[in-house]
Ligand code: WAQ
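Before any questions on binding or motion, here is one chain by itself as structure tokens, the form predicted on its own.
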């Protein structure tokens, strides 16, 4: 199958507004470019003055196919209860003595373009560019039936986050990911790992808050393993098989 990667980034006066990406078949390319352009122009964070579309051919042998993480939903009444749930999951992962520090550092990722890459044991920041962070890219869901058209017709926070989390935590040196969206109208976040699966926390910020960011917790050697991890996150093409999650 002939496939293409599409990446969309929209900004206003250098301030990020919207971003999305797809890996689609040749016959879907034109329609998905149009959908992503509409999404860029109709966002709650405002109208962009710059929209970039990047299109690249993707060969089939470049793609890794992964099964979507199992999903659990934890209903929380407010951000404080949501953060308490995150602390509990960090405790289950053996990080209880560092949970508060991890949550505090997580807040510093809110102004970053990408994710913060954090050593889970020393809490040392590992991303080469601390302003940009590490961006997990080149991923989409692998749906080979008519459900794709319905699932991808607009922004779907759950599907997109599950795809990203599945890719991220399938690297052997990523212990977990923490994320909350910067969309002011979306307050759900998650913690994900190979052990926990994808755990949705229904309230992790106040409605209307533009704050959002993500942290990847890394454990391993800071030389070859770190370089391999960053290369995987930023360059490996991944399609996530998730028909039963739609």
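Numbering follows the first chain given and starts at 1. If you're wondering where the values come from, they're calculated on a predicted model, not measured in any experiment.
Keep in mind that the form predicted together with this ligand is missing from the display, and what follows is about it.
Residue contact with this ligand in the model of the complex: residue 198 places a heavy atom within 4.5 Å of it. Although the partner is absent from this view, residue 95 stays clear of this ligand in the model of the complex, with no non-hydrogen atom inside 4.5 angstroms. In the model of the complex, this ligand sits within 4.5 Å of a heavy atom belonging to residue 188. Contact check for residue 166: every heavy atom lies farther than 4.5 Å from this ligand in the model of the complex. Look at 84-92, 97-105, 132-140, 117-125: in the model of the complex, residues with non-hydrogen atoms within 4.5 angstroms of this ligand sit in 132-140. Between the options 180, 36, 192, 217, the residue in contact with this ligand in the model of the complex by a heavy atom within 4.5 angstroms is 180.
Shown without its partner, the chain has 109, 112, 113, 114, 115 in segment 109-130 as residues with a non-hydrogen atom within 4.5 angstroms of this ligand in the model of the complex.
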